[in-house]
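Okay, so we've got the same protein chain twice, two forms, each given alone as structure tokens, structure 1 and structure 2.
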Structure 1
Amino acid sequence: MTISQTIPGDAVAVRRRRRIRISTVVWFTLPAAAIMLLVLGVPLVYSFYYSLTGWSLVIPGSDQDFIGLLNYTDVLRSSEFWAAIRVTLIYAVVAVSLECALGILFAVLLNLEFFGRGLFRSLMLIPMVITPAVVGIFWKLLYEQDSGVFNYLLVTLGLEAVPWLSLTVALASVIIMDVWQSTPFFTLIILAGLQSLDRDTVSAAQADGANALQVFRYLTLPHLVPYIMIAAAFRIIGVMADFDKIFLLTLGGPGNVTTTLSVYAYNTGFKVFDIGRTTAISWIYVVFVLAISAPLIWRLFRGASVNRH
């Protein structure tokens, strides 16, 4: 007895159609995969290779100087690198936490029925669509010690002017700038979550005597957890890659109090012209971002997979 005789005809047809479908998907996906490999894969391979060399732009022929993992060990032993890690972590944790809390607050407020709600929802999006470079220049003007808007308002109210970009306040000023620009991102995603909340369940809880705080604590907040995780995952990756607005606001200073990993990599590459070391920093930076964001993304996709089944 042959194998084909043991399988019913319908099952054979189903398998044949599945093979044809998979083959079609592969052929349609192949061009995009090839382009992605060319655009992303080739530069990654080149950057990894040069991270193993002593390439400096001021030393001709140094791009062929293979030094193995020396760039990586030098970077990991550098106190400046660990200072940049500390600044990046403080910046990311504080900024994303504030944006999440404010995003939930604004989303709940914008989910209420009131006159002009559509206008406020539209205005909310403005900071998010402004180019980061413009945001950096804009907030630099606001933070000006003598002629800035913030100090003008403080002096008008009889208070002392604040040195916003000084050694002690600069990092907080950078965080405030990011919170202003990125809170609408959290608000938008959480508001979408609130719109999908089952109103019948809320009405039933209210009919059983639950007050507004209990409804939010036991119904609304658990429903919003996946939306908060999505927003947090994107923002953690984004905030650790922030460069342009920080650089334009403070240049990473004063000293190194606002030197994040991206600013540190820029300074190494375009001030010291040490390309080998810069690419090594970039690869360490990739591993660092993946280590921070991977658990959150894994939990998010695992939860989605469980919900589908």
Structure 2
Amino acid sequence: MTISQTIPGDAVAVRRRRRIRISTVVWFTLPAAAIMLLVLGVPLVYSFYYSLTGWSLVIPGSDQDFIGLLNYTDVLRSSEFWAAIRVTLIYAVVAVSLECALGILFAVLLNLEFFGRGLFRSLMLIPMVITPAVVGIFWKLLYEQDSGVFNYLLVTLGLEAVPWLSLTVALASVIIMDVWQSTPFFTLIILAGLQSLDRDTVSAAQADGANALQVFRYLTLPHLVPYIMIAAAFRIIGVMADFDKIFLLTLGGPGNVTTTLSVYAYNTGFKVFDIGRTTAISWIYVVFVLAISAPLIWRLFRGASVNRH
């Protein structure tokens, strides 16, 4: 009797309680939101204003020089800028594709049964977390033309020494370095995907006569697609902003063959001190990166994992 009377009212009450009040959300998120707006938002607005001026730190009083969109048209017309875009895109596409392919291979290999599997899984984490600045400086030692160990090994194996940091090879060398550091990132995420694969389905397919390759092609790979997408999205974002490793390995050189957008923006800002131009580059850079990654993030996270229970 009493139960049937209280249930409807309680259900409504519970639903009302379950939803968090907007004012609570505001108060709880306020400190984080304020810091992000002040420290990330204000500089962006500030830099937009300066991108409309001809301010250069080496010309006194030039910060009052309002020149409209001239910096933007200038940057978009300069060949150096397009060279940097080209380098960034080649770097991103080649590095992420290689990391993805190698990552799948490593993950499949780490998912087999063997002694010490846990140990090898741990060891593969090392490159991923090492400080990128340390990676940059050490790969420079490894890549040395005459005293580097890579060339020593190549020559010992009867092959020819490679001029790793020369005009023609340097970008490939940067890509190899990043592939080395970031493949474990793909491996780890794809390994998680493999572990969540339903074993019964695989057994059923095998019972129906599917061979290993068919199982991989028609069962494993489709199952891995969301995991691969997530890893690729994060790596694309990471590669776009990459600075420390490249800067310490090559400083963007020789010439500008490894000058990515980030190195280009840094050099304009802190070598030439042309504030107007650098801030214009920064804004174009932000728009470029957002145009590429925001749709990825949006698709991956929109509605994803809201309310797990």
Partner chain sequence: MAIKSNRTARKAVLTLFWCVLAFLYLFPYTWMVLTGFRHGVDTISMPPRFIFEPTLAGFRHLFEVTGFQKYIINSAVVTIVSVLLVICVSAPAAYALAHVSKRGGTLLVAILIARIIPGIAIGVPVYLIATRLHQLDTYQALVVINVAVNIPFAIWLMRSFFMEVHPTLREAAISDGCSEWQVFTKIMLPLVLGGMLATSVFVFIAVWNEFLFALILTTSVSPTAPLAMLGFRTQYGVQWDAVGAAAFLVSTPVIIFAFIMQRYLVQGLTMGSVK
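Rigid core (definition): largest C-alpha set, two forms, superposition within 1.5 Å. Counting starts at 1 and follows the sequence of structure 1. It should be emphasised that the depicted structure is a prediction, and the values quoted were computed from it without experimental measurement.
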Of structures 1 and 2, the form predicted together with the partner chain: 2
After the core is matched up, is the C-alpha of Leu30 off by 2 Å or more between the two structures? yes
Would you say Ser62 moves between the two structures, meaning its CA shifts by 2 Å or more once the core is fitted? yes
